[in-house]
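One chain is shown next in structure tokens, namely the form predicted alone.
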Amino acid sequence: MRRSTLIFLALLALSTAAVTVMAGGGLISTSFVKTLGMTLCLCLAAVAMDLVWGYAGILSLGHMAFFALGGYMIGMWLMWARTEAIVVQALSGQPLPPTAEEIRQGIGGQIFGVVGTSDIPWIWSFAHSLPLQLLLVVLVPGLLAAVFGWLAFRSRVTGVYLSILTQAMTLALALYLFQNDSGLRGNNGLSGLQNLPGVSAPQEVTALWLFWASALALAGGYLLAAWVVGGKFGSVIRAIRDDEQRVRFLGYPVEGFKLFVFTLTAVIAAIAGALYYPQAGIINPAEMMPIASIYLAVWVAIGGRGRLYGAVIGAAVVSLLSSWFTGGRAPSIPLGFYTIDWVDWWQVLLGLAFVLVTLLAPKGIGGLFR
């Protein structure tokens, strides 16, 4: 584990430096730098998924909900700060300086006018403060995971039943956020997140900043996961994965171990989401539908679960290939009677790859480096 961790960190550092040099020289576009930054965030979410599934044996089909919640928490501050600057500038031409209440009403109208109201919901109470919203990036997904995990694990729900419960939680949360009265603009979501408030640097510079932050977060998350699974704690959670009843009979508090891993990985996924959506520029409830969490599990399976670097390989390969195929850069294949357009057929290819890896290479791509 120590050797693979050092190799991974060295490769990540070299890749980050190479992208920085190429971006500075104009060899790659700003949009591609953002794509690479978002890929690093997805790799961090895959590390969290591998920790909870590959090592602890908990197949969660709801971790992208925590990923999206992290994005919503930071997105609230980004929208508030940007809108506040616009409102203050618009009101500055009045004979009398605007009051705090007038500014607040202007912000409410700008943000929530799209859902037919100017009232600011209570969940936006801390949106004006970056430190508090950063704290909520950790607290909100962490608390949700802790409560859900405590209820599920104390009832000893395991296997496919637990997977169904996590999927149901994700679907319920997404359907709630689709409502206009949820306080998060319903189906419209939060937009304009790529504009960092108070930053006058051009987009190519902010794209590099966010790329560096994503690389640093991936390095930190990988180190944390490697530390967790590398000692006695890691041996215990692997034993729980392999034979939960026997570990319980040996006197270990199985539910406590599972709850800790589930909550920790939810927080890691939320941090990844908080870095992902400022690069994506928009977030809406569709981002946390169950299919997103299923994709995350597919990435880990293709990369090789039970190997942290396998999760990173799977997420990076599938994410970059997805961007290539769905971005219209992959050439269509004319067959005479039918033309294969990869924008439509990419998901079929992904499903086929998952089936082939499961049948022919159950250790995934990462198993090739073992």
Partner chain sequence: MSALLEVRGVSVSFDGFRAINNLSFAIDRAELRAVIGPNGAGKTTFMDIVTGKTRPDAGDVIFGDPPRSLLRMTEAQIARAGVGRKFQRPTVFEDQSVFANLMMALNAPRNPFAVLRFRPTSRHRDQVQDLAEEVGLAPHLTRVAGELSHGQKQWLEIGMLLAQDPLLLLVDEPAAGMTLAEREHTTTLLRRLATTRAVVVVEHDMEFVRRLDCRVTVLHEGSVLAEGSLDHVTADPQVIDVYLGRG
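In this text the structure is predicted, and so the values were computed from the model without any measurement. Numbering follows the first chain given and starts at 1.
Another form, the form predicted together with its partner chain, is not on view; read the next lines as being about it.
Although the partner is absent here, residue 154 lies well away from its partner chain in the predicted complex, with no heavy atom inside 4.5 Å. Residue 238 belongs to the set of residues with a heavy atom inside 4.5 Å of its partner chain in the predicted complex. Its partner chain is not shown here, and in the predicted complex it never comes within 4.5 Å of any heavy atom of residue 161. Although the partner is absent from this view, residue 233 contacts its partner chain in the predicted complex, with a non-hydrogen atom inside 4.5 angstroms. Contact check for 242, 245 and 248: all three have a heavy atom within 4.5 Å of its partner chain in the predicted complex. Listed stretches are 107-115, 285-293, 255-263, 75-83; the contact stretch with its partner chain in the predicted complex is 255-263, by a heavy atom cutoff of 4.5 Å.
Though its partner chain is absent from this view, in the predicted complex it lies within 4.5 Å of a heavy atom of just one residue from 209, 150, 178, 227, which is 227.
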